[in-house]
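Just one chain is shown here, as structure tokens, and it is the form predicted on its own.
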């Protein structure tokens, strides 16, 4: 889904921020594979300095099935370890060996390493059943049932445990800015570290929240929160950006095409037409840059025949009746000035910023749901009776337009097919100010296996009577969310 330059720019911008956030004694570990590891190392060298490359760790997964063929099987990934300075945290980590080995004991004398000898002049040996880790890690990719959370990029806890033990101390703060299934945060929690996790994917946040709740409950059950505990005993989930409009670039492009009533083009250098004008849509996950403008100018030169000449003069460049409309979400400060100075094509470039236009734009209709709340005695029964997402219906309609046969078409016969997760807080806002009400996920209802329908009913028994606010959050297969609260009285 990424062009190479877009991906590297995306990573460059985020790694710059990571360096600013990193503690002076901190380290960053970047996991990648053969596709981009050479490119990413050059970016890391530029941002952190070549002298701060500490290790190129090879993660060898010995349990991958060998396929054979002319090329050797690719059975390893790379983990780059950079620090901010020479003064970084690096702990000795020992792991168990499969076999016990004997090793001669040695010591330094006058700067030279010599063997330790007994009274008879024989070498003294010691047996070792463990060893200090080096930069080649033999850790399989197969995840055990008790760890598995059915998330596509999930890593083994053993891998993250080794990273965290080596690069941090108890009480330190560990950040994973692409948290995925929450492995880093869960392992940091178990290893007595504080943690932060971020992700743009709402499904990721749901999976991570559920996993961390389970981890903390297990720690409470085992009475691990003693005087020496330096980690967290609870956590909050914050939404720090407005992702309620766009969840990904593909969705963004389609919504903007519909919102601005653009006639879509399936190929070429432009995304569509608006009347006689041509349209270029910039990913709303980043601001419009001067590089984008330079590429648009090149596209105009390449497609000069698309534009209608308005005036022609021997003294001047031609001017044209139609223009290029650029739709973006924010722009670099000097990008308009750059476009004015660099654009010598005679074709006007008009920049439309959705940050400015958004008050007048109806990006999408909200999701809808029907939920029942029944109380009998101290027991509450909550059930999602129906769910509807206009965006999901539109997406299916667009996808089905390209499918000729009825067998190929995707249809939703049961509303539960559209739901990925249902999360319920049975005492929403307990003991909190209304301005800072946080969601405490009491129940997670989700698909246990691929192809299964989500369970939509949940029961909870309260310990005492009173008035409670129940909050229900529904996340669908596109990451769209529905949220409502309902007040109940328990006798």
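Nothing here was measured: the structure is a model prediction, and the numbers come from that model. Numbering follows the first chain given and starts at 1.
One more form of this protein, predicted together with a small molecule, exists but is not displayed; see below.
When you look in the predicted bound form, the only residue of 421, 155, 165, 280 with a non-hydrogen atom within 4.5 Å of the small molecule is 155. Of the residues given (345, 329, 189, 181), 181 alone sits with a heavy atom within 4.5 Å of the small molecule in the predicted bound form. Heavy atoms of residue 294 never reach within 4.5 Å of the small molecule in the predicted bound form, leaving it off the interface. Heavy atoms of residue 199 reach within 4.5 Å of the small molecule in the predicted bound form, making it an interface residue.
Taking the partner from elsewhere, residue 225 is found to have every heavy atom lying beyond 4.5 Å of the small molecule in the predicted bound form. Taking the partner from the other structure, the small molecule in the predicted bound form has no heavy atom within 4.5 Å of any heavy atom of residue 125. Of the candidate stretches 108-116, 146-154, 255-263, 335-343, only 146-154 has residues with heavy atoms within 4.5 Å of the small molecule in the predicted bound form.
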